[in-house]
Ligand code: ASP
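Take a look at this one chain, the form predicted alone, written out in structure tokens.
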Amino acid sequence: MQVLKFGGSSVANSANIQKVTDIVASAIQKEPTVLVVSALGGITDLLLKTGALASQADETYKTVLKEMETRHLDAVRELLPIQQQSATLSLVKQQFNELDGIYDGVFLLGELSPRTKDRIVSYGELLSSMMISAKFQSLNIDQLWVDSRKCITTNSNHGNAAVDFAATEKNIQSHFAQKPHQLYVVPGFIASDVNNNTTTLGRGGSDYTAAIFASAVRASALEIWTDVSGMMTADPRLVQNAKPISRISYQEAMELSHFGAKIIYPPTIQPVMSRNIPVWVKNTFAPNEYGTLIENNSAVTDSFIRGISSISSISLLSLEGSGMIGIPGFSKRLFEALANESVNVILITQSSSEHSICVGINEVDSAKAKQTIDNVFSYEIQTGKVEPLKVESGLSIVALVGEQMKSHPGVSGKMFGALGKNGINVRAIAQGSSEKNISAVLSAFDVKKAINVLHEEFFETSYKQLNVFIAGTGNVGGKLIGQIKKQFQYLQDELHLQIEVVGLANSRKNLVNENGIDLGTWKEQLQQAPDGSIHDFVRTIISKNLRNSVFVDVTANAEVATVYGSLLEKSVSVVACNKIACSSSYESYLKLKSLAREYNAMFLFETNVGAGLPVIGTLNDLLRSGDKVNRIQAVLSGTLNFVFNNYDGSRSFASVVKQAQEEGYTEPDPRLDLGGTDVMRKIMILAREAGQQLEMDDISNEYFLPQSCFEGSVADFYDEMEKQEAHFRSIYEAAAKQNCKLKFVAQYENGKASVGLQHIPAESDFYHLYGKDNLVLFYTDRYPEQPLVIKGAGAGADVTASGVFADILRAR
């Protein structure tokens, strides 16, 4: 004999019931079958809602009751041939008349006791099972409707009754021996006590009913039919890439169901495990899919973690005090107090010093738990031996489950390392001695992120996903998006890395899509996006709380630079093309570096110096490997190098600068380049990275621009340069007379830095520096005379974007 159970979604309406009928009709060809069914989808909740309305003297309960009756009557008419409907329609009407009488009593008394609740909700399963039984009868199948209340005996704990297995097994075996049939249709969820009062087995109890019957009849198999194709490695509503679990052990299934996996009601496993009865979890709407097989030994797979589950709405109770140390009985009194208030303990952890003990409970029980525990320990609290109970709510438990964990060291380290890298704070930890699960208590806000992080860490062999938010969609930003789009498949295939651009922001608009923005149509999408500031953008990033988040600043905006700290504090890595943050006060620069370390985030700004050239990375490698930087000489402005390589007096200096701006080499305001401010920022950043405390005021700047060029707008600047052409020509001619070239050189030595225009002779490394190229010379203990040289294009949207892209890849 086999047992098949179908849940509420499987019997939600007549169309779904027809699918159930087809599956069962096929199954009974193999062997006799017990069919256990739930109430029609949503009916149990409606029955309870109607009872609550009636107890509050709210006459709208009659409307809800009528709607439920109509739904069942309509289902009968759709399921059965018209000539066979009468008896079942009458039966349904009779059941609803009984319900109406019960609700009237509740209405008059203004009271809804647990016993009455059980009686009311029992009608859901009674009605569905009677209707389905009538359907099989109409098909001339040898079937019998069995009232599970006559078979399953429980205590009188209404709402979650405990089963008397000895009496129940005797009842079921006796019932089936007397009345052999091909099919038995049984209402799930309901039972009765020794006084024949209706009881229920807890929400989800239809699974339990099926397991009880399977154990009693020694079934060949128990099949749980639902609306998903078996158990998954994580909740697919939270994890997009959750994978099906083909085989799992009883113990693993119990752990996952206890920690929130909704596929199977937790008590279901025990009755079938004791008889070694295999359990299949199958999909009513995809019956040919394999599903999940639960049995004594699960198959060995590539992953030693079987699944990840979670429980929400948890409160953490912490009992602490020096008076607990070495004194026996504290734990007993704590758990006794909770048990007396029927508070279920979900998780326990205690420090080895015995100074504290923490337990996780359902949030709804936290108030009464605190009251009773504070009462029990009132003497110890008054005498200062124990602190008043601390209650922390708004928490969840995330559990990593797998029998094979015990043979794989380092699972805990991998788990908590992955969580820590994503800024997920763990409030408490518990691991059983059997090592079948590791449980962590964390903020409910972090649950989705945590489950995705862990799923990626333990199950994603194909790729890791970076969620990228880009501020700035101009020239460099546009090039960066194009490069990410072009390299998307390559990165996934070769580096097992998927970069999802999930956010874009310009000066007016914010576009966010956590499933990824289509990079083929991003411009159109951004135009249609809602208005928003950079602060709105940052608030969205923080509220989305996505794993492996990277914020990329490709602006030159001072306001954007102010948000880095708030992002780093949330473990969002920051990639900055914008030089303003790192060239602000030394204190601010150190603060950002410190936040990155403290919150396990990356703060990367390679393109602050030399665009795509590996200048900062090389400097950091030198220092990390124990070298010491003694002197830096550099041409750090691609703009100034381009200008002085192209200016020969044959055309105006202003026109050459204009060309540089049009070709994308300059800052939006070219005076930042020509005035040396940009170069000052760059040499200061290098000096700071080399370990020198330096401010902008500490850097000397030999200006070559007349002061009048700094006044007014950018347009005024160009006009003034035209007026000052003689000045620029004289600078050029002075260098040419000495057979020198003009280069704007930055220097750092002995803790001091300077920038300025210099005459460069032919023997200098800087002489043969063409176009927009930068050149950096590092003189160190290892390179004292022949410097380490870095040379290449130091400006341009493409190379700058490529440097930003490289930093994004490092942030993974």
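One-based numbering along the sequence shown. Just so it is clear, the model here is predicted, and its values are computed rather than measured.
Unshown form predicted together with ligand ASP; subsequent notes refer to it.
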G205 versus ligand ASP, in the predicted complex: is there a non-hydrogen atom within 4.5 Å?
yes
Look up in the predicted complex whether Q758 has a non-hydrogen atom within 4.5 angstroms of ligand ASP, and give yes or no.
no
Partner contact for F189 in the predicted complex: ligand ASP, 4.5 angstroms, heavy atom:
yes
Indicate whether ligand ASP has at least one heavy atom within 4.5 Å of a heavy atom of T44 in the predicted complex.
yes
Proximity to ligand ASP in the predicted complex (heavy atom, within 4.5 Å), stretch among 64-72, 742-750, 782-790, 34-42:
34-42
Sequence-ordered residues of 123-152 touching ligand ASP in the predicted complex, heavy atom within 4.5 Å:
E125
